[in-house]
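We begin with a single chain expressed as structure tokens, specifically the form predicted alone.
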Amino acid sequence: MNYKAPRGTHDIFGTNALAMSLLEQQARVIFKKHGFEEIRTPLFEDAALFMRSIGQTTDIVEKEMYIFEDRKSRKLALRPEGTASLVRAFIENRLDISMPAGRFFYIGEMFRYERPQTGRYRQFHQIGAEFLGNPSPAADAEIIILAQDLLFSVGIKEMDVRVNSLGCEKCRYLFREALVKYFCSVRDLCEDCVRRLEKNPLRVLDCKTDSHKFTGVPRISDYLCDYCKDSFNLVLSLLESAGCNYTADEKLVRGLDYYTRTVFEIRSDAVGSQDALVAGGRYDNLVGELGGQNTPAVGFALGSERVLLAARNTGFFDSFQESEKIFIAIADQELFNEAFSFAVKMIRNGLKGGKDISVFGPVNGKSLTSQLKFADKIKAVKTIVFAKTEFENGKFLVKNMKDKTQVEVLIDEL
């Protein structure tokens, strides 16, 4: 029976694995510059954590979570996003006391049952950052700039930064009433919209089915209180002063219920319909709602696969080459131990001159012809051949696998 990877998952290897590693390396460099520390959380959590934080009426909770029961009938879920897990860790480990102004980042897999397409998988990778304990709009601006810096670092220059404010509870209550009144006047809403209209009218704005019907929708800016309005204006002013080009987009509504005030997305035309590379915003109430001390917070997450798609034509990853492959072959089987010992030394010490190399071999019990074919198959640049006569004279045969020439080289020269 032939087994295949489950639909919506993908194997990452070769140059794609190298690109993913380089993206994560760049992220760590950028996060360090901004003072963020890494945190790693479990791949699965109590399902109620995500239901409580993300919101019962969101697509993630209603349609996309992978939920299962363990042997003690506890309901668990593979994490669909990183913020809720990080906040849980922040509270459980009392980081709200020891690190009240915490700057954290995470890198890892997330899981959502979605229709797979280019840049969207059911198991995917996210890189995210969360800034907890700072209520200032300056933290919002810094998070957006941090996300931009990360994209810049992998060669993505053309990006569309969209920013909006969802206001506070007071603003949203008035806005909610206006939306309900408006949507009740729209005919033939889809089933999802009818359900969301009762539970969370802002989510109706996310509808892909009925969005073409929504003309003359109330504007959130007309309902922002003075504090939210001033905070949002300061965020925009700080972005301008930092040279960040943005678009204030009142139609931008994040798909998670915990957001307050500033929300944002960074998009790119390079990835087709799944154009959002980064998304985030402020969530001042989440820590308190999950049992911690009231702690203002703001953060973002980026989809690694989408970012790599956007970066594929920038030339950034082209400058990073795989290490040079060296194969160790034996013309005489009695030299296997010496060849093995030499391969270990090569791996540990490298070559003179400090070249970046990968060492393969030796292979026991194969003819030299078979070994050289294998060297070609793994795309070795050179093959070092242990032959009895040359070895007794303190030499190797070094074969260039591209032009098939070979020379004798003193062992000490390597």
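From 1 onward, residues are counted along the sequence shown. Not measured: the values here are computed from a predicted model.
Just so it is clear, the following notes concern the form predicted in complex with a small molecule, a form of the same protein that is not shown.
Participant: For the chain shown here without its partner, which stretch in 115 to 123, 134 to 142, 241 to 249, 147 to 155 has non-hydrogen atoms within 4.5 angstroms of the small molecule in the model of the complex?
Facilitator: Answer to the contact question: 115 to 123.
Participant: In the model of the complex, does each of Cys171, Phe183 and Pro201 have a heavy atom within 4.5 Å of the small molecule?
Facilitator: Verified in the model of the complex; spot residues all out of contact, no.
Participant: Would you classify Phe105 as touching the small molecule in the model of the complex, given a 4.5 Å non-hydrogen atom cut-off?
Facilitator: No, Phe105 is distant from the partner.
Participant: Look up in the model of the complex whether Gly303 has a non-hydrogen atom within 4.5 angstroms of the small molecule, and give yes or no.
Facilitator: Gly303 belongs to the contact set for the small molecule.
Participant: Is Ala276 close enough to the small molecule in the model of the complex to count, meaning some heavy atom within 4.5 Å?
Facilitator: Although the small molecule is absent here, Ala276 would touch it in the model of the complex, with heavy atoms inside 4.5 Å.
Participant: Using 4.5 Å between non-hydrogen atoms, is Glu130 touching the small molecule in the model of the complex?
Facilitator: Because a heavy atom of Glu130 falls inside 4.5 Å of the small molecule in the model of the complex, the answer is yes.
Participant: Between Phe232, Tyr258, Tyr223, Phe342, only one gets a heavy atom within 4.5 angstroms of the small molecule in the model of the complex; which residue is that?
Facilitator: Contact residue from the list: Tyr258.
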